[in-house]
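Just the one chain here, laid out as C-alpha cells, in the form predicted on its own.
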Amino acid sequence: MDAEAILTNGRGTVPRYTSYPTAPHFTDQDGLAIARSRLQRLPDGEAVSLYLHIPYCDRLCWFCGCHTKHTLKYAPVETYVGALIQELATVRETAGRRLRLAHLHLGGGSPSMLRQPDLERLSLALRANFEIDAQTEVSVEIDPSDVTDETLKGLVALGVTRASVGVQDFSDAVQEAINRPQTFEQTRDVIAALRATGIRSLNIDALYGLPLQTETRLMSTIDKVLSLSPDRIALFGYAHVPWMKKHQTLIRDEDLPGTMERFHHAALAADRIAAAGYDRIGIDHFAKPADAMAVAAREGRLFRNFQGYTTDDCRTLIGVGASSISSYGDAYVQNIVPTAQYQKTVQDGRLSAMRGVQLTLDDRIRAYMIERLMCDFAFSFDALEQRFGYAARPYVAEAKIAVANDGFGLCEIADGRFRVRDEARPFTRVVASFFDAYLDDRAVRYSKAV
C-alpha cells in the first residue's frame, strides 16, 4: 500500500471525527433553545455524562490546540470555578431534577491547577446537583508540574477514579521547542502519588509529529512511558493548525517532521506499544487487555466523543464551562467561548449555550457509520438497516460505490460489512471521510490525516 501516494495525492488532511458533523460545521442555530429543550425532556432515570472545561493553564504549551488561556494569577481561576458551580445549578434547575451521573470528566486547559478548596467546592456542587455514586467514573487531565500534596487531597475529595497524565515527549530538545519542560522523574513521582491515592486507572498521552522529534527521541519517550506501566496510552499526532491557534506560530515549520516521517514515527511507536502487550484501540489508543476499554473494543462497545475513545455509552453528554460542547443524541450545542462573557451569562442564571446544530436524518446515519469505522474499522449493513430502517438503503449503496471508487484499496465489502482493510487502518480517518457530506467546504482546513 503506497502510504505516500495516499497522504500526498489523496486526502492528506481530514477531521479527527470526534463528532459528526465536526465542530467547524456547527451552525448559528439557537443553541440555548436546543439545550433547554433537550434538558427538559430527558427521560426519567436515564444516566448522563458531564464534561467540565477548565480553560486555564499556568504555562502556555506551544503545541496546544485547546481553548485555554495562560494565567500567572489564581484569582481568575477561583472566580471561574464559582461560575461553573452556578452553571451546574442552572443545569439542574432546567432539567427539573438531579440527573444521575455515569461519567464525569475534567478537561482543559489544566484542571490539575485547581487548588484543594476549589476542588472541594466543585465536589460539593456536583453532589448537590447530580446523583453520584460508587459507579460514577470520575476522570481528570493532569499536568505533572501542577500537582502538589494539596492537589492530591482535592482529587480524593472529588472522587477521581481515572487520571490522564500529559507527557508529549521526554526529550529536552523537543520540550524546549514546544515550551513544555517536564522531566521523567517528575512524571514518575506524580504517577506514583496518584496511584497511592487509590486512583484505579491511569492513562498517559504521548505525541508524535512534534518539532525536533526524531525516531530515536520518540522511541526513547515510548520506552519511558512503558516503564511507568499505565493502563492506557494515547498516541496522538500533533495537529499543527497555526491558522486556528496563533501561539503555534512559535513552532518553526522547518522543525516539524515531514508527512512520511510522521507516518513512519507513528507506526514504529504503535508497534513498540503493542509489542509490550497492549491491545490496539481504534487508531491511536492502547490499553492493557484487562482494561475496560480493551474489553469494550473486543465486544463492539467502544464509542467516540469529544475526548476521543471512550466506554461511555450515555446518549447525553452535558458540557459545562466556556467553549464546552454538549451532545444530545440528535443535536450538538457549544457554550459561549470567551471566558468573561461566559461568566456573566451563567452568573445571570442562564445556560451558557451559544451555537448549536440539530442533526438531520442524513447527519445521524453518517455519524453512526463514521463512529463505527473509527471504533471498529467496519459497519454492518444489517445493523445499519436495523437502526435506521429503509432509510439506510441508499447509504449501503453509497458504501458499495465508495469501494468501487477507492483507487488506493483502503476498503472492501465482506460478509455484509463495509470495512477498512487491515493494512489500511492507519488511514481510517481518510476512509471515514468518504462518508462526510461536509468535507467539500473549502472554507474549513483540517489537520494531517496521520
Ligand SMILES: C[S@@+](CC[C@H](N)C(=O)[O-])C[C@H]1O[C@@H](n2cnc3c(N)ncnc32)[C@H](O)[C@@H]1O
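The first residue of the shown sequence is 1; numbering continues from there. Worth saying up front: this structure is predicted, and the values here are computed from it rather than measured.
Beyond the structure shown, there is the form predicted together with this ligand, which is absent from this document and is the topic of what follows.
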Of these, 402, 66, 383, 32, which has a heavy atom no more than 4.5 Å from this ligand in the model of the complex?
66
Pick from 108, 154, 211, 319: which residue has any heavy atom within 4.5 angstroms of this ligand in the model of the complex?
108
Looking at 357-365, 321-329, 85-93, 137-145, which one sits within 4.5 Å of this ligand in the model of the complex if you count heavy atoms only?
137-145
Distance check, residue 101 to this ligand in the model of the complex, heavy atom within 4.5 Å:
no
Going by a heavy atom distance of 4.5 Å, is residue 239 a contact of this ligand in the model of the complex?
yes
Within a 4.5 Å heavy atom cut-off, is residue 207 in contact with this ligand in the model of the complex?
yes
How about residue 180 - does it come within 4.5 Å of this ligand in the model of the complex, if we only consider non-hydrogen atoms?
yes
Applying a 4.5 angstroms cut-off on non-hydrogen atoms, the residues of 162-183 near this ligand in the model of the complex are 166, 168, 180
